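Here you get one chain, nothing else, as structure tokens; it is the form predicted alone.
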Amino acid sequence: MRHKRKVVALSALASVACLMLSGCGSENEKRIIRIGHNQSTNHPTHKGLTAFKDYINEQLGDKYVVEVYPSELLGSQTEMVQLTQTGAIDYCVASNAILETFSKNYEIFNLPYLFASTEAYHHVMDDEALTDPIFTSTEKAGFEAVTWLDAGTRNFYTVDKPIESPADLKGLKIRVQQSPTNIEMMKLLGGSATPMGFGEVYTALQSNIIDGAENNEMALTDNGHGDVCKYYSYDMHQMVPDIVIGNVAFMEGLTEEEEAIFEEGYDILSAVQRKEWITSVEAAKEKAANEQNVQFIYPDQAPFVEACSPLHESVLKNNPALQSTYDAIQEYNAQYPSVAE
């Protein structure tokens, strides 16, 4: 399966290269806008991008044609970010954890137990005064964020051992996203961090290369991880957004009128994705429990929070520029506390 996907990916990239080399030809030719992501066509992210595609094609179809490439057809998230940097593709969806390696400003949103509630998380991400300095921090690298997408809460799920406390993670190889913060988080929790691309996780679980992973409920059903992992523990260690990024050169080449239409498109993308997320998570939980026989576990969160607290201190010490953002997040946490509180 993976070999086949890589062949398709190489074919897609070859097509991109050929189209770029061929140039625009005549003035009447339409500019193809390519967007890549790593989810299936059933995922809320793809549905949001499809809404964006339809809107741009409807409004600017005389000049642009938007094409959406799902399921890592254009490469892994890291590869797609690099392609967006160079302009080989125009947009992609990347986890905040991936973007940490391109800009330390994104490090703040990878902190475990940063948000007190989903409400606090959403209010922070919708606060442009907080997010804009982060979203534009990669301009010199060739890309900027245009909107954020909900990726729910990240929790541990394992093949044959339920996680009810940090002690249960000891000795287990857990797939994490490829960011220094996530690796340090697993170290503090006692597990063995195994960074790898999302597309590799299913095979790694199936072949016992790893003992588990951490992600939202959609990974169980949409990506089949619940076929292998039978325990899903709601420790809720992270609420990490997915970020839609665009190539700076392409976006700066838009006219004012086109830019306004694209901005509206970004809003449509986000609204559709977030609405779809709510219903998709509920459907995923039901399917995982009833069809995949996944057991959902609700451990005491306090020991996990305590184990990870040194990470907040070290990140802020090493990156003092994040302190004001961190303080603003705490204000939202006070305003929108956990329901349990």
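Residue indices: 1-based, along the sequence shown. Worth saying up front: this structure is predicted, and the values here are computed from it rather than measured.
Separately, the form predicted together with ligand GCU exists; it is not shown, and the next lines address it.
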| said: Given a 4.5 Å cut-off on heavy atoms, tell me which of 245 to 253, 166 to 174, 211 to 219, 230 to 238 is the interface stretch with ligand GCU in the predicted bound form. | reply: 211 to 219
| field | Triplet Asn38, Ser95 and Arg154 all within 4.5 Å of ligand GCU in the predicted bound form via a heavy atom | value | yes
| Tell me, which of Trp148, Tyr121, Phe198, Phe135 has a heavy atom within 4.5 angstroms of ligand GCU in the predicted bound form? | Phe198
| message | Exactly one residue in Gln77, Thr158, Thr181, Thr194 has a non-hydrogen atom within 4.5 Å of ligand GCU in the predicted bound form; which is it? | response | Gln77
